Ligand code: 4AD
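Quick heads-up: it's one chain on its own, the form predicted alone, in structure tokens.
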Amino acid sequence: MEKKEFLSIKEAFGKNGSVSVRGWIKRKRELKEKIFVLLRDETGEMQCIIEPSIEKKSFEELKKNSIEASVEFKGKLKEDKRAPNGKELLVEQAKVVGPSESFPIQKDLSEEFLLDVRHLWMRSSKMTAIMKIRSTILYAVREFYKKENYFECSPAIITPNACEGGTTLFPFAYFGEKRFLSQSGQMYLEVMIFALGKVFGLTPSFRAEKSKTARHLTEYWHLEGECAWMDMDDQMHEIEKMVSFVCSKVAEENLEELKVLGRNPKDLEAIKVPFARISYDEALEVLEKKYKKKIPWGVDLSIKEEKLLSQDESIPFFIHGYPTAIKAFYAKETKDPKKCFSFDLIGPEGYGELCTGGQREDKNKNMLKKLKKEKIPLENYEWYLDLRRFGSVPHSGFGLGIERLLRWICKLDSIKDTIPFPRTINRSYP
């Protein structure tokens, strides 16, 4: 079989007569001397029937090999309503390219085992569907921001300072100095708004959080944006437009994958702007009146509270106006200094926080007061303070975890399934 002859499974279904295909054995059974193979590639699946009349050596090789062997088949397509896509391949020539005589994933499907063999589990229908949707999301994000006249930037990953808090940094030795893996590219993106106006970055971030929840990773992909001349309300509007656009793209392009995962595309088609907005104060009131859960004012909302607030919702919504004391030093205060122009985007159906953001402080006086109060050394932030010394403007930004967005869109239980190789406090293999 010549290389140029081969078609993808999807392409082959559009042909009649003789075709050549290649891929991996997803399922195999033997019945009355025949071998039945469900062949898969990245485009679909095809039922293939191999009879002993083909070349003997090839037939014996197929009998010996099990699932995930890679093969090449040439044969004739025939109509069969019971087969995927209504056609099956009667194989005339067969070749085992990469043997697989004892694939390790058989009966043990426990989470820990599947994480240990993640390099093989990525071939499963579930993981394939998730990764295809992840790819759609990444393309859609860039398409949206290009359309909205943003510039993509690449913030530094090696950094001398903390953005979200020193207790969750990964330190390492850097030519005799102490440096950290970035928690966020926000500060570096803020630099770029004075030249480019509206910018975004899509980069890995690292958080040394000792958390074992279903929505925490120590390494994740961070979508962040910063915009000159935008206040908090402007930024919330930009984010809801982006999320709606992404959901629409997935619903349009990933029907088969959503079906595999049990997510109705109509759920995503319904994600339209504007999203609801409630204040932090109103959220506390709902928790107390509806769920009999009293949260003291000034305490951040936990995963449990976010789940309660969102479990009966079908569309994301914003909570805004958080207490200044629980937000970073760069959050801009409202007229009431106890509150700041900050927000979280809460995923519906109990998924909780997807994104956080707000208006940034544009005067050094206010930031210096907070930095000194928190006893944060100023030397590593001098460059950041320069942004306020030389031509500061009102501006706002956000950070969204791609994996959290994907987890909600795909309706997944664990965030570990949203990334090829999840990194958590107790896992860095494979």
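Quick caveat, the model's predicted, so the values are computed rather than measured. All residue numbers are counted from 1 along the displayed sequence.
A second form of this protein, the form predicted together with this ligand, is not displayed here; the remarks below concern that form.
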| said: If contact means a heavy atom within 4.5 Å, which one of 255-263, 67-75, 286-294, 214-222 is the stretch that engages this ligand in the predicted bound form? | reply: 214-222
| field | Contact of residue 50 with this ligand in the predicted bound form (heavy atom, 4.5 Å) | value | no
| said: Please tell me whether any heavy atom belonging to residue 355 falls inside 4.5 Å of a heavy atom of this ligand, as the geometry stands in the predicted bound form. | reply: yes
| query | Should residue 37 be classed as touching this ligand in the predicted bound form when contacts are defined as heavy atoms within 4.5 Å? | reply | no
| query | Is residue 182 close enough to touch this ligand in the predicted bound form, meaning at least one heavy atom pair within 4.5 Å? | reply | no
| If you check 231, 116, 148, 209 against this ligand in the predicted bound form, which one has a heavy atom within 4.5 Å? | 209
| field | Contact residue in the predicted bound form, chosen from 25, 415, 12, 410 - any heavy atom within 4.5 Å of this ligand | value | 415
| query | Taking this ligand in the predicted bound form, which residues along 311-335 bring a heavy atom to within 4.5 Å of it? | reply | 330
